[in-house]
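Given next, in structure tokens, is a single chain: the form predicted alone.
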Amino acid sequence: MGTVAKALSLLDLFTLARPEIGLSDLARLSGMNKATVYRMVSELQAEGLLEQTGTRAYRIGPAVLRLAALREATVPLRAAAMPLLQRLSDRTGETVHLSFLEGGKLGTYAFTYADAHGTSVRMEDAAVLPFHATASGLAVLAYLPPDRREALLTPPLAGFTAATQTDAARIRAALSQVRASGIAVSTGGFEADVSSLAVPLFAADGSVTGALAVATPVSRMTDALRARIAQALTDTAPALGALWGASPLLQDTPPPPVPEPTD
């Protein structure tokens, strides 16, 4: 990883649950030494990508707002996608989230909650989704070029729960099931009490660009709900993909049987 990439990777450490981070914690979370991190955050601060608070912690700076506004004005995807996500959430009664590839990471782009239940899966802490431990990640992995897929499956793979699958060979077998069905399923891989289904999303050139997923507490998932979510996902993906000229999987074919969870 180059110097610029290392510096920008510090921005990924900030989340809604962790909006401010001190220098020592930035060094600990990034795995880089404190002197290196200080030099990088100073440069990011000079460019307005980070700013220092009254407690001398750091937070995302105003330059990010300008870049986000420019991106949204050029490609107003979030505003256009939100009604589709909300309809999917209302239809399934569960949390819906949309993620996109950001270089070598899968970032959460937008999410919606349903009002059908008193409890739901929350997405505030899931800014970056691990490829091997989430339905969204598996949906994307299944359609990445082999070299990129293998790079992301290179051990060691992080274990987030007792159910996280970290055996690359078993993950490859699960990806074959994803390609056969067009739907990825994960139960407890990232969070122990979360079950989710996801479908891949594609760019106009046919390359995978992200995933659309529905997540529910494990205790609420049944075969009937799993089938309903799978149908709703495959119904929604074409309209969502049309926003950027994508070619969603299974657009012209009925959805196959939903595979059983693989992790």
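Remember, it's a predicted structure, so these values are computed and weren't measured experimentally. Throughout, we count residues from 1 along the sequence that is shown. We call the rigid core whatever largest set of C-alpha positions still superposes within 1.5 Å between the two forms.
The same protein also exists as the form predicted in complex with another copy of the chain; that form is not shown, yet it is the one meant from here on.
Worksheet item: Of 107-115, 130-138, 86-94, 164-172, which is the one stretch near another copy of the chain in the predicted complex, taking non-hydrogen atoms within 4.5 angstroms as near?
Response: Residues of 107-115 come within 4.5 Å of the partner.
Worksheet entry | Listed residue (Thr74, Ser176, Thr119, Thr154) with a non-hydrogen atom within 4.5 angstroms of another copy of the chain in the predicted complex | Only one option qualifies, and that one is Thr74.
Discussion item. Test of understanding: in the predicted complex, would Ser207 fall inside 4.5 Å of another copy of the chain by heavy atoms?
Written reply: Although another copy of the chain is absent here, Ser207 would stay clear of it in the predicted complex, with no heavy atoms inside 4.5 Å.
Discussion item. Although the partner isn't part of this model, could you tell me whether Ala242 comes within 4.5 Å of another copy of the chain in the predicted complex, counting any heavy atom of the residue?
Written reply: Answer no; every heavy atom of Ala242 is more than 4.5 Å from another copy of the chain in the predicted complex.
Item to complete: Please run the contact check for Leu70 against another copy of the chain in the predicted complex: heavy atoms, 4.5 angstroms, yes or no?
Response: Yes, Leu70 is a contact residue.
Worksheet item: Is Gln45 close to another copy of the chain in the predicted complex, meaning a heavy atom pair under 4.5 Å apart or at it?
Response: Result yes; Gln45 sits at the interface with another copy of the chain in the predicted complex.
Fill in: Rigid core fit then Met40 CA moved by 2 Å or more between the shown form and the other one
The answer is yes, as the C-alpha of Met40 shifts between the shown form and the other one by 2 Å or more after core alignment.
Discussion item. Quick check on Ala239: with the core superposed, does its CA move 2 angstroms or more between the shown form and the other one?
Written reply: No: Ala239 shifts by under 2 Å between the shown form and the other one.
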